[in-house]
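Next up is one chain by itself, shown in structure tokens, the form predicted alone.
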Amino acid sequence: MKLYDGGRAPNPRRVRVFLAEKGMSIPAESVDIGKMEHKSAEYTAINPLQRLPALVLDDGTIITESVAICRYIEGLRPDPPLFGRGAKEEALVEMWNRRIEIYLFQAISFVFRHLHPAMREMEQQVPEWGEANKQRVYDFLQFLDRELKDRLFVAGDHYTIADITALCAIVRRWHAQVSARPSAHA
């Protein structure tokens, strides 16, 4: 296997944190997004959508999308279970991971992509869209803060992919708690 990693970008980081939680390492090749290497012909042959990360299996199969890669890793090494334990917890983890992806991760991404000066070279920026998403971020953070007042982790009693997704998107009290985990430095 070989992981194509994008450094500081949040989606590749989700895979690195997931791997660290599993106690695994995979040979990796860095793709410098700042230098637009993800748009190169070489990387486009791996992922025509020019997004990171990508996992190339030994048989040549290519898996893209961070959660799909994490699900594959979970199948290889089920312990500790980061997608839940049993039907109810698995459903709750899925629900919370999707909520965080849609209402927090994506909204933060829109703010960053459409307002940050460094993104001008990579994105067609629509500043109004970035500004419009700021309130969505604040609203969901307030909702999540209320939800987390009575539990340690996003989806319940155990650290999961939902916590990893939120870690890479950022949440206050909870962020300090999960940032203390060794995998958070992956």
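Bear in mind the structure is a predicted one, so any value in this text is a computation, not a measurement. A residue's number is simply how far along the shown sequence it sits, counting from 1.
Although it is not shown, the form predicted together with a further copy of the same chain is what the next lines describe.
- Contact check at 4.5 Å (heavy atoms) against a further copy of the same chain in the model of the complex: none of E29, A41 and I108 pass.
- Looking at R71, you'd find a heavy atom of it within 4.5 angstroms of a further copy of the same chain in the model of the complex.
- At a distance threshold of 4.5 angstroms between non-hydrogen atoms, F153 is out of contact with a further copy of the same chain in the model of the complex.
- The closest non-hydrogen atom of F140 lies within 4.5 Å of a further copy of the same chain in the model of the complex.
- In the model of the complex, a further copy of the same chain stays beyond 4.5 Å of every heavy atom belonging to A118.
- Contact annotation for 32-68: residues with any non-hydrogen atom within 4.5 angstroms of a further copy of the same chain in the model of the complex are N47, P48, L49, R51, L57, D59, T61, I62, I63, T64, E65, V67, A68, listed in sequence order.
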